[in-house]
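Heads up, the chain below is alone and in the form predicted on its own; it's given as structure tokens.
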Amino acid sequence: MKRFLTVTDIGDLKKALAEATEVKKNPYAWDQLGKNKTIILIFFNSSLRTRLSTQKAAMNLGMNVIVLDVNKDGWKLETEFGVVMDGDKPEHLREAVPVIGRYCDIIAVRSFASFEDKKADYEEQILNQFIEFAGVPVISMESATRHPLQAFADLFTIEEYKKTDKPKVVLTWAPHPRALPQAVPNSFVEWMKEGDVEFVVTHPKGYELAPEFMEGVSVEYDQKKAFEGADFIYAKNWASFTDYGKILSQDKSWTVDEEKMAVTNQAKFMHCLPVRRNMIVTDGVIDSPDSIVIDEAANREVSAQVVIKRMLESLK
């Protein structure tokens, strides 16, 4: 595996999920695989679960780990081509990335959508410069359009908790005070389409995700109707794709509450975290026995370890 950006990069999904089960059972079984190998985790944005889980996963495999917070630990980096660099950014990604690639065996990078230019965001200009110039395998720890490590962990968590062969999974928009990227919902849709689930997306009109992700996906604009008979409820806010980066609604009737969960098939509640309590979900739902957000977050270590393990195996 030379890169990990989308569900297609993982290959056979059933094999990947089976491998995740083995990794979770015995995370240190491959602790010699990464001996004398180095991974650099590069963050253009804040992180808690992604940083800790990816770092822990690499350490489980015996790797050296370097963490670089671009906003605190190095020069400000220019990402655009053709600009006169007479501002506050003294170094360009075109030089920084290949230099970083000389210091490590794998690069993992996290860079959110800017919401300034939809075309630039959806072309993944920052991530693709790493892929083009690094000279080593690249893992997306969340980009402008996708968060594959999260979605892999989400699907693995559903596999662990499902009670039927083909559970009903609902992705629901929920209100938030800030404009959030579409990366998590985009990846969740992408992975659910490949998983063995009945999948429904529900959101207010105006919050349709990019067509490239939504082809063949059922959309229900009535949230309560979408919840009926669901086995898993995955709540997430995202800003408008059509009116790019805008907040079109903060309608708290879309908050996931006990009344809505009551029409499900005693569904498990999921969220990628961090979560705004009593905006995205009520205290009663997220603190209930059917909330699996902590186990879901714990599985981030598992998904990261499977990906890093496969990359190390490909370096042999």
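All residue numbers refer to positions in the sequence shown, first residue = 1. Keep in mind that this is a model prediction, so the values were computed, not measured.
Although it is not shown, the form predicted in complex with ligand CP is what the next lines describe.
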Taking S46, R110 and L273 together, does each of them reach ligand CP in the predicted bound form with some heavy atom inside 4.5 Å?
yes
Could you check which residue among T145, T202, N237, Q150 gets a heavy atom within 4.5 Å of ligand CP in the predicted bound form?
Q150
Quick check on T50: any heavy atom within 4.5 Å of ligand CP in the predicted bound form?
yes
Just to confirm the contact call: exactly one of 252-260, 265-273, 279-287, 62-70 touches ligand CP in the predicted bound form at a 4.5 Å heavy atom cutoff, so which is it?
265-273
What are the residues of 284-316, in order along the chain, with a heavy atom within 4.5 Å of ligand CP in the predicted bound form?
R300
